[in-house]
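A single chain, nothing else alongside it, follows as structure tokens in the form predicted alone.
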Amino acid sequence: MSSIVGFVQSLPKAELHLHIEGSLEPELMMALAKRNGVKLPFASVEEIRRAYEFQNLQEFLDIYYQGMSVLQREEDFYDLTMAYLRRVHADNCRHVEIFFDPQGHTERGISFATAIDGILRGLADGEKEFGITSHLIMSFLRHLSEDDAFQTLEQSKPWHDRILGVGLDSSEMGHPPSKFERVFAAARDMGLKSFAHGGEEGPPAYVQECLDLLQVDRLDHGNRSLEDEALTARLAEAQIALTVCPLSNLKLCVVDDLQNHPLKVMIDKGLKVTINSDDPSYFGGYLNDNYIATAEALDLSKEDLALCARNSITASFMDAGRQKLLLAEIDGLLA
């Protein structure tokens, strides 16, 4: 596997499915709690790590929102963003399109401006320091109402020149994409792109709603699409990119073993698959960890890995000239 590890490290790649709040490492969580006088139910970093044993998506979300409580000031969001970019720079990631959850902050009394200004400042400094270009995606929390999402969309207007699009995340079961059809239409009318989590725990019908009702530009997860042959063929023909997160799927028990992960089947069926880390602090692996663990479990070839990296670049909304340069770099590695 050493040759695969070296090859993955050398691949230029983009990360398209990353929740910035999910990159909050226990060490930073403890430091911010101390800085902001936030009382956590954990006495140590080790105790936090022991709590990261989840049986399903909801158990993860419960502790995820608890950890988020330490993010209080603009500087906290800046430090969080820079810590992620510093880490992903080590994985030879050249471009990121990251999610943030404004409702997770505004509903606990943190202003929209505090969160987004800190993140945007971090992304700007990250490009200067690490050369990582970026876009920011504002996600709606699907366990909240569409009216709440409309309020968040209204709050976001002053930053629309710096927001790529809207996303949809949090508890999938019981919250179909159709619940948010109107707010996604309004966001599109404002010139924002559309992204949504679908088919992680939810059924193929949720993926169809993402395509038909939300008119997504990219689908996050999409694993359960394979249960519907017509849907799989549709995704392959339209080349809708899927932002797959293998270690997340393992940690949340979406798959019981990485050797049973559907990523190789997705590739073989012609789906436009990308590899991502989702919430790397909680799921035990950043971008290259996901590439390497999946390559090892599924016996992926260098061509498979290069395809996933190439897909991450062509599925992104980075500048076309930069895309061309990075694709040429991948071709050079294979040659």
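In case it trips you up, residue 1 is the first one in the sequence shown, and so on. Given the structure is predicted, the values throughout are model-derived calculations rather than measurements.
The form predicted together with a small molecule is left out here; the points below concern that form.
- Only one of the listed residues (L57, A293, A306, I267) places a non-hydrogen atom within 4.5 angstroms of the small molecule in the predicted bound form, and that residue is L57.
- Among T232, Q72, T133, S170, the residue placing a heavy atom within 4.5 Å of the small molecule in the predicted bound form is S170.
- The closest heavy atom approach of R218 to the small molecule in the predicted bound form falls outside 4.5 Å.
- Heavy atoms of L28 never reach within 4.5 Å of the small molecule in the predicted bound form, leaving it off the interface.
- Using a 4.5 angstroms threshold between heavy atoms, V88 stays clear of the small molecule in the predicted bound form.
- In the predicted bound form, at least one heavy atom of E200 sits within 4.5 Å of the small molecule.
- Residues of just one listed stretch (277 to 285, 293 to 301, 47 to 55, 33 to 41) have heavy atoms within 4.5 Å of the small molecule in the predicted bound form: 277 to 285.
- Using a 4.5 Å heavy atom cutoff, none of L192, S194 and F317 lies near the small molecule in the predicted bound form.
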